[in-house]
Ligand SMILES: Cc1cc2nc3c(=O)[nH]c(=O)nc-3n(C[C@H](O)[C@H](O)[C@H](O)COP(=O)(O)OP(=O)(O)OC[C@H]3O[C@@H](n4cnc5c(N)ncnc54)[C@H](O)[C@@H]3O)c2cc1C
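Shown below, as structure tokens, is a lone chain in the form predicted alone; questions about how it binds or moves come after it.
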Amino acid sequence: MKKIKVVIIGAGFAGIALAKGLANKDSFEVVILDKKNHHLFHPLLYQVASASLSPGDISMPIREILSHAKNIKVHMQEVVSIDKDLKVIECKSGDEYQYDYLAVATGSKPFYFGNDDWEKSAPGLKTLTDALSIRDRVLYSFEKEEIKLNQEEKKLNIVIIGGGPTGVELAGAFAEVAYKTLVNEYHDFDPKLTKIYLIEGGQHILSSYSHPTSEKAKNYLEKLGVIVLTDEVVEEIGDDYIKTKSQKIESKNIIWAAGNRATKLISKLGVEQDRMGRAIVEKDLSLKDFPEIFILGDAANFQSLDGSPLPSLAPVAAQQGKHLAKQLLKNKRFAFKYLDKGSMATVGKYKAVLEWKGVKLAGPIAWLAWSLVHIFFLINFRNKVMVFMQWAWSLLSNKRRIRIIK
């Protein structure tokens, strides 16, 4: 009996969920293509950037995750093009793969709204490399301030652009680093002199949350010492400064968290896209006129019941991967329905905000829920244990052990 060839591009939440759903199903021959060899738990990536966790705490080799699946191959390849008519995938290495069904789950990348030259000075946070680079740059900045001879020149600004969950969590984490973790560790520089800015172009941070929840998060950040600037559109970014419509801030630590766009591979498909580069998909997650191609996760624009696209969240991607696996196993098409499990964001130690089906929580209870949910959804038992231990140490000691500069 001829096996059905399924190729999955991308081993994020959607790709891994789909692969697990097809694992050890004898009628399917599955290949995962990813330019990295590991799966990454993106929701905690900011904690690697802020020296709370190590890269290995939130990542795991793709092969290890799927080692039990005898019908799944993992190839470390970078896909450069897809021939939709011939059903052939071409990789940077020159290798080609044929498929009966194709799932594209390549995620997203930072989007600078036409100002791609800003990327050098204001990197985004999408990979472990990004996180380690940000961590090193910030920690090294404290070291440079310590050795300056002129006391009047000692100043350190950290600027985070974008008031979504990533920006809010980064701002809170760096505030704790500067105002708690590093206090009393420097002799000639007071880390409390550090200024941490969170800049949001809209009227409120966490714009997808209700106004009271947004204000609560802003209040938490300001109590931590973060300077929250709303309705401030970034106009220019240089190597050591950022300009908004009202002010200029000097900083060599600028982090972009203001928007994402689907990867270039989606553009190369030659299909209808939205302004964020996401492919417009049918109710079963397939492409119009190409029912054998499915787009999942951050790369897809799936219209919800109110006509708006589903948010770029890990639960959305994971549920889509599971849904596609069910469709392929049953050889039947049916509409994807997203089960909204709520939204949450942490704002420093013991503080978080949470919204779920009309329920709004803030403070320690929301923080505990956030912590438990994130530990639960980590990919394996080892990661759960390591993250729990790191968090416990940090809570008890106010220290962050992962402060090694490369």
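If you're wondering where the values come from, they're calculated on a predicted model, not measured in any experiment. Note that residue numbering begins at 1 and tracks the sequence as displayed.
Not on display, but discussed next: the form predicted together with the named molecule.
> In the predicted complex, does L125 have a heavy atom within 4.5 Å of the named molecule?
Yes, L125 sits close enough to the named molecule in the predicted complex that at least one of its heavy atoms falls within 4.5 Å.
> Decide whether P315 counts as a contact residue for the named molecule in the predicted complex under a heavy atom distance cut-off of 4.5 Å.
Although the named molecule is absent here, P315 would touch it in the predicted complex, with heavy atoms inside 4.5 Å.
> Even though the named molecule is not shown here, does R63 get within 4.5 Å of it in the predicted complex, heavy atoms only?
Contact with the named molecule, no.
> Under a 4.5 Å heavy atom criterion, is D34 part of the interface with the named molecule in the predicted complex?
Judged by the heavy-atom cut-off of 4.5 Å, D34 is in contact with the named molecule in the predicted complex.
> Taking the named molecule in the predicted complex as the reference, which of I199, V177, I254, A105 has a non-hydrogen atom within 4.5 Å?
Residue within 4.5 Å of the partner: A105.
> Tell me, out of S214, T244, T263, N157, which residue has a non-hydrogen atom within 4.5 angstroms of the named molecule in the predicted complex.
Of S214, T244, T263, N157, the residue with a heavy atom within 4.5 Å of the named molecule in the predicted complex is T263.
> Name the stretch, out of 183 to 191, 106 to 114, 143 to 151, 276 to 284, where some heavy atom lies within 4.5 Å of the named molecule in the predicted complex.
Stretch 106 to 114 is the one.
> Going through 48 to 86, which residues have a heavy atom within 4.5 Å of the named molecule in the predicted complex? Please give them in sequence order.
Residues within 4.5 Å: Q77, E78, V79.
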